[in-house]
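One chain follows as structure tokens, the form predicted on its own.
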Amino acid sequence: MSQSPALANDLGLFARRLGDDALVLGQRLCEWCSNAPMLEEELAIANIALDYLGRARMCYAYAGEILGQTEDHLAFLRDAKDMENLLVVELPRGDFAFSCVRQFLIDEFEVLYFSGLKQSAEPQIAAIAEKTFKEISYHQRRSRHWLRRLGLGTPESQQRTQVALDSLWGYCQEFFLMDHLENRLCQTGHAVDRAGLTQTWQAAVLAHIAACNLVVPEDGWAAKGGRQGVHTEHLGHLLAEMQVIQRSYPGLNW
């Protein structure tokens, strides 16, 4: 069945925002190259970053066909206000505990989200989700391992992990926010109801936090705005560094 122009446009915008999430987090993970605490983690984080960059390319290629833009344009020629990534992925790298906690919180959500997205009524979206889910399953095992290792490790590792958890907790609420675009796509079976994943995510995350000698932060604030192009000051700096070559020498291919 052919798609209406409105549905096709919605799917393109949806894929573009998924690509934004993956691109920005992949760039943050790349910042650990030459900075990881051990060689094995250097390789592991680099491979995870490549998974995210690969996902971004798949999403941008699909979105670009619909929106009439190239992968390079979507990745390197949009300003911060045009990006629709979740705020948590653009936060600075921080210390190793911060990156591990952020990855854990994201992985627990993405396993649920992409498991559901595999059932999308759009075959290409479902195929992207299928490949992504296989990668995320590894990411989740690794991030759970590191949360346990840090939380049950030395007093310093436990303290740093708790500080990271406290600072990131309020950003997690954005995982579950729905807007008009995703509500429309849910009604046609093309997307996943993010809000419906809240309780399952919380149950898994809270149980693992407790098992790692960490304290669940209190709900008191919630960051939002990434999907509307309202970002922290950190995204502009990240994009400036990531996009400088393409903007300095237009026409390069990614």
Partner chain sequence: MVRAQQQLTLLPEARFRLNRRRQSSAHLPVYQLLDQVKDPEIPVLSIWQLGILQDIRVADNELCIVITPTYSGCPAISMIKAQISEVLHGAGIRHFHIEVRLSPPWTTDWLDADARRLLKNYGIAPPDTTACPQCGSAQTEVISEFGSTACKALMRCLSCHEPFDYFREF
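Please read all numbers here as calculations on a predicted model, not as lab measurements. Numbering follows the first chain given and starts at 1.
Keep in mind the form predicted together with the partner chain is missing from the figure; the text below concerns it.
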With the partner left out of view, is Asp219 within 4.5 angstroms of the partner chain in the predicted bound form by any non-hydrogen atom?
-> no
Please run the contact check for Gly54 against the partner chain in the predicted bound form: heavy atoms, 4.5 angstroms, yes or no?
-> yes
is_contact(Glu135, the partner chain) in the predicted bound form, heavy atom dist at most 4.5 Å | yes
In the predicted bound form, Asn47 touching the partner chain (heavy atom, 4.5 Å) = yes
Tell me, which of Leu177, Leu181, Ala127, Val163 has a heavy atom within 4.5 angstroms of the partner chain in the predicted bound form?
-> Ala127
Specify the contacting stretch among 86-94, 72-80, 139-147, 166-174, defined as having any heavy atom within 4.5 Å of the partner chain in the predicted bound form.
-> 139-147
Non-hydrogen atoms within 4.5 angstroms of the partner chain in the predicted bound form: do Glu40, Leu43 and Met58 all have one?
-> yes
